[in-house]
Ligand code: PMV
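The chain below stands alone and is given as structure tokens, in the form predicted alone.
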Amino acid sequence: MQYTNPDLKFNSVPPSGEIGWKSPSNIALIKYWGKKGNQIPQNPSLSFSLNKAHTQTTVQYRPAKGNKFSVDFLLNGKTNAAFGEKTTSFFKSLSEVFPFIRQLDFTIHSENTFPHSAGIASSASGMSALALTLCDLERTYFHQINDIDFFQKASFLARLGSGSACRSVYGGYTIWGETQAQNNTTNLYAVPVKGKVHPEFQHFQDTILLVETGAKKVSSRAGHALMNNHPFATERFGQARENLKILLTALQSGDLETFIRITESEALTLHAMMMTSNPSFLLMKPETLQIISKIQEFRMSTGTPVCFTLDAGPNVHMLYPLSAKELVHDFLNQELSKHTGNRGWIEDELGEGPQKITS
């Protein structure tokens, strides 16, 4: 796929303005861990976008003062040089796609509703929001583009900034990566799950228990790289492909038992890959294991359809259908709250995807 377009540049004085998007984090049920080439996944993944855990990004643009564009990045109201450098690199990588980038200076205001770098996919929500604003700039000043092509292009570009960001461009359940389970999938961008998702999964809940809110000791980028020579890599990639087929069928049939089995297995396998890489590393904490154990014991003793998954961090995503919310909340307050201390938890749910926030 080729999005390079030398005509996307201003022929007169560039404009000034502001565009903003709110884009969600997403939680992978089938995990992507390991990549090749230019952000190409070694195996397909399946996720759902969240609602409350999101990044709100406003991009202010104006004519560039010099021959090079500049980026000032403010996170939660404070200048963040590291994010500024990362965004500058991202914009440079897209300057052949959007030549107008070189003609503008940018001030970016970004806010997260959740702790950054703690394993809740802040790069996914952040990079997808940036990709959406650039596509919106194209749509505003150059030519109209229908929604299907708009979000597909945003997903393609978001992937170049952060692999999982391509999934945050859509609401609901999303697949990224080629799989025989759905015929329109690709490694280049994410696509929404085709077909009707069973009512059991249409209002799914995700309570994110915050075990730790600081930055991870090993970044996801470094973790992905360790899969290149991992002794179990080939088997893992094959397992993910098969699990995706099984899970997709469960989503469409309403099979909660299979959903729970596959989702928990995927979470533990992800962290098993970390623990058996060279060098090995461990992101789970004692509280992570205690929460997991209690969730499984609660499910076995009460029959409540609740399970867990983990992102690349210690925090636990507790997943359950809306019909089980009252029982799960009683359990949360009585048994699990002691493991989060004053960090608490985030009450979240299946979301509808990004929203434009300014004109």
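Every value quoted in this text rests on a predicted model; they were computed, and no experiment measured them. Note that residue numbering begins at 1 and tracks the sequence as displayed.
Heads up, the form predicted together with this ligand isn't pictured, but that's what we're talking about next.
Touches this ligand in the model of the complex: Ser164 (any heavy atom, 4.5 Å): Yes, Ser164 is a contact residue.
Proximity of Ala312 to this ligand in the model of the complex, heavy atoms at 4.5 Å: Ala312 belongs to the contact set for this ligand.
is_contact(Trp33, this ligand) in the model of the complex, heavy atom dist at most 4.5 Å: Residue-level check for Trp33: yes, a contact with this ligand.
Distance check, Lys153 to this ligand in the model of the complex, heavy atom within 4.5 Å: No, Lys153 is distant from the partner.
Joint contact, Arg261, Ser265 and Met318 to this ligand in the model of the complex, by non-hydrogen atom at 4.5 Å: Result no, not one residue of the spot touches this ligand.
Heavy atom within 4.5 Å of this ligand in the model of the complex - the one residue of His109, His224, Arg241, His230 that qualifies: Contact with this ligand in the model of the complex is made by His224 alone.
Residue among Asn187, Thr213, Ser277, Ser220 with a heavy atom within 4.5 Å of this ligand in the model of the complex: Exactly one listed residue reaches within 4.5 Å, namely Ser220.
Which of 91 to 99, 164 to 172, 252 to 260, 134 to 142 lines the interface with this ligand in the model of the complex (heavy atom within 4.5 Å): That would be stretch 164 to 172.
Residues in 247 to 284 with any heavy atom within 4.5 Å of this ligand in the model of the complex: The one in contact is Leu270.
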